[in-house]
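This document opens with one chain alone, in structure tokens, the form predicted alone.
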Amino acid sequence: MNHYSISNSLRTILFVMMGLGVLCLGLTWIGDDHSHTRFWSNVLHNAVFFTGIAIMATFFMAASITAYAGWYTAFKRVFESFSAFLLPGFIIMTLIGVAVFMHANHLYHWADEKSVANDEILKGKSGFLNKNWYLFGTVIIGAAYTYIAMKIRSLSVAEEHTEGEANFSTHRSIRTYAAIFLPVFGFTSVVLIWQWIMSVDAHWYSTMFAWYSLASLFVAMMCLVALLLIYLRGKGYYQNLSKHHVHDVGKFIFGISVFWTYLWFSQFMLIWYANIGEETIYFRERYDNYPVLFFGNLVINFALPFLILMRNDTKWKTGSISFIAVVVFLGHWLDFFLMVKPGVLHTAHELVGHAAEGGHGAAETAGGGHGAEAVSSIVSGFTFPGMLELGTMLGFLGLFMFTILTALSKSSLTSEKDPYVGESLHHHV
């Protein structure tokens, strides 16, 4: 079977997941503080995570096309379908940008004009960290990513109906757009990570943070690719794929997990060794107040994939790959939770402190109105993910899977006219 169709039962499951996500967001909004800090931080966390996965799938596809890679061609439709989430993902990020622009949330300390006026560090960064660039930068970069991804996808589908010179011309156009995407991605992906995630801790800066975050997204993306391929094969699709293809996906999960750990350690070690206060505060906050997530991050995202996938034979086994893909995917979702939540909570308490100093009283905070001293206490939805966070993640996952499976169903699963499909079908490691 070379054409996928979403079953009614799966469609129902995905809609239930999306409904659960909407319900959890609604309950979060109702029980939240006056600024809806938990609600907005949950939206930001999941929107960045799943949009980032779509971005990394587009990057992998563009890099593979430019490098004349053939092994993945038989299932390149999977990566093309992942890129379909760029549109809804950037729409959600634009809505967050609109909320930042209108001061409808307090995710970012730099978005508070009174704080910037009295803070020399934030004032110095205001040329980049400002509500105008956050919104319009997201729109401009998102439009460029989405346009190029859609062109690659449309040309790839059109390639199926061409012969001879026309086929060569179409494939050359695909290669052109892929080559254009790579430098665009190289210069702008770090910008998105800086403004979406790193600026949550506005006084902190690391030159390695963007690469660390992108490596995390890449591993999460490959985990979903592995799970989707295994699922489709189990349903009778992609029977032309061999264990060698799954083995190579497993090698990517293993290899980039090691690379992610290298970046984690390098960033942490250099900042720890330099012992500069404005740099160490990022890790000090997470080391002191989020120790389970801080150390669990290494166990889940490095120790488990390293020890399990280090053996060559485990990368052949769908059971081992499925287990590690699920665990590591959740691990990198927790990794982004740890990137977002401490900074957002700290910003919320700082704004409460400023309000109290201004004579407005101690406004209700994400921690229940305890003020700045509550940063180190257990705060629902911030110290550790609660049921509302997990439900929200499942809702975003349902939307993501519905988007990519819908895109997958609109064309053949294997592009038989791709010049490298023969190499892919005979791939052997």
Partner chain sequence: MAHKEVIFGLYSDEQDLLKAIRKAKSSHLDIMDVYTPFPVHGLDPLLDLEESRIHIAGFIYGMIGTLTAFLSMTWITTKDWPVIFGGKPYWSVPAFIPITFELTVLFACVGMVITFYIICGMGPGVTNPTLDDRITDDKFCLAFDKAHVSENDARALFSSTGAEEVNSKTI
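For clarity, every value in this text was computed on a predicted model and none was experimentally measured. Positions refer to the first chain, counted from 1.
Unshown form predicted together with its partner chain; subsequent notes refer to it.
Q: Would you classify Trp272 as touching its partner chain in the model of the complex, given a 4.5 Å non-hydrogen atom cut-off?
A: Close contact exists here: in the model of the complex, Trp272 approaches its partner chain to within 4.5 Å, heavy atoms only.
Q: Should Tyr147 be classed as touching its partner chain in the model of the complex when contacts are defined as heavy atoms within 4.5 Å?
A: Tyr147: no, not in contact with its partner chain in the model of the complex.
Q: Residue-level contact is defined here as any heavy atom of the residue lying within 4.5 Å of its partner chain in the model of the complex; does Met310 satisfy this criterion?
A: Heavy-atom contact with its partner chain at 4.5 Å: present for Met310.
Q: I'd like to know if Phe265 sits close to its partner chain in the model of the complex, meaning any non-hydrogen atom pair within 4.5 angstroms.
A: Phe265 belongs to the contact set for its partner chain.
Q: Picking from 273 to 281, 153 to 161, 189 to 197, 110 to 118, which part of the chain touches its partner chain in the model of the complex when contact means heavy atoms within 4.5 Å?
A: Going by heavy atoms within 4.5 Å, the stretch is 273 to 281.
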